[in-house]
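Next up: a single chain in structure tokens, the form predicted on its own.
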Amino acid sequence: MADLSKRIVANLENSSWIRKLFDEGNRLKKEFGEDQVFDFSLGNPVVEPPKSFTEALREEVKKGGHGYIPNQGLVEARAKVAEFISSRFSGSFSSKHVVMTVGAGGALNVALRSILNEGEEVIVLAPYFAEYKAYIENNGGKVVSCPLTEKFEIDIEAVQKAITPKTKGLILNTPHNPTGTALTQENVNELGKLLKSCEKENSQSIYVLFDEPYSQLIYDEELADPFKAYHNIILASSFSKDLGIAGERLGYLVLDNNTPDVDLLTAAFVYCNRTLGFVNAPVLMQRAIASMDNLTVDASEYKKRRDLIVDILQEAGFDFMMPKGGFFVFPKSPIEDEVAFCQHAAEKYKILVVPSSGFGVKGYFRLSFSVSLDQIERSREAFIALYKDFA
């Protein structure tokens, strides 16, 4: 038997249900045809990139030039990101404190490597994006899981209890994967107040890693601005979801110009971008976004999908919080064993959804509505029949 990392092997075993779901989906599609399978498992953007992006990309391809560039990213791409962030959040932003990364996952790994010493703790708010745990452990940190409220808001008392002298960071994700929650400004302000108090009392720096790749896909809520609430914000994001270019892996890190030790922290990001092996973000994608007039998108196509799946789930009888951003819904499982429920849905109705176990909680399932409107509508009777099996 191969002599592999015990931690990696354990993580492979813990995530085996994800592989089973993927394999089951492929089997069902081969056996019954793709149009007979309702696959809501993956958060893959279904809306094509805006024409302004494809036109810019076409022009940049003609120019050629695909060699190495500065590890921090092209000046013109960083300037475009700084302009974009300045239009959406309070604070002062410049290209000097923007680092282009290989997706938001690359951004989070670079940031965590830059701030963590071995054994320091990072709080994740459960349910949470499954890869957070691996990202933190990749970089020598310890994961501290802290539950959100029943409405999937930040539980300030729970966060206070989770903070220790070893706490170095907290990952804040809104709009939220997997629940679709968009946090309110009031809730984020409460978190900022708590962290300021803890920093003062314990003489420690606590960073908020603000993971916001869905922030342009927001429907019924104003986007909360963490820069209004707190001073140690590391914004980590990407153009994967809003521009619909997930496979192109273009992300970024942004610091407010007034962040403590901002130049040293930026230099650490650039160093880790190189030494983690990313080297630099894809240069063609950087050139494309730099030549676009603006980086804003219309979220109406995803809102149509959100409204349709919500209508179907309500008609069927499922219990869930209305998703206000992103492209996920997180209903309660009608039985305690959500894995068994998801297996039943796949086996009997060819509905593929993800059990909540992988997101750090029990009793729910995640459904992505980033699929065709036709698939969502065709799934109506299947969802109604599925719920009746457990009503």
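This structure is a prediction, so every number in the text was calculated from the model and none was measured. From 1 onward, residues are counted along the sequence shown.
Although it is not shown, the form predicted together with ligand PLP is what the next lines describe.
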* Structure fact -> With a 4.5 Å heavy atom cut-off to ligand PLP in the model of the complex, the contacting stretch among 278-286, 185-193, 124-132, 219-227 is 124-132
* Is ligand PLP in the model of the complex near all of 104, 177 and 240, within 4.5 Å of a heavy atom of each? -> yes
* Is residue 173 one of the residues lying within 4.5 Å of ligand PLP in the model of the complex, judged by heavy atom distances? -> yes
* Asked: residue 97: heavy atom within 4.5 Å of ligand PLP in the model of the complex?
  -> no
* Looking at the partner-bound form in the model of the complex, is residue 269 within 4.5 Å of ligand PLP by any heavy atom? -> no
* Asked: residue 249: heavy atom within 4.5 Å of ligand PLP in the model of the complex?
  -> yes
* Asked: So which bits of 198-230 sit within 4.5 Å of ligand PLP in the model of the complex, heavy atoms only?
  -> 211, 213, 214
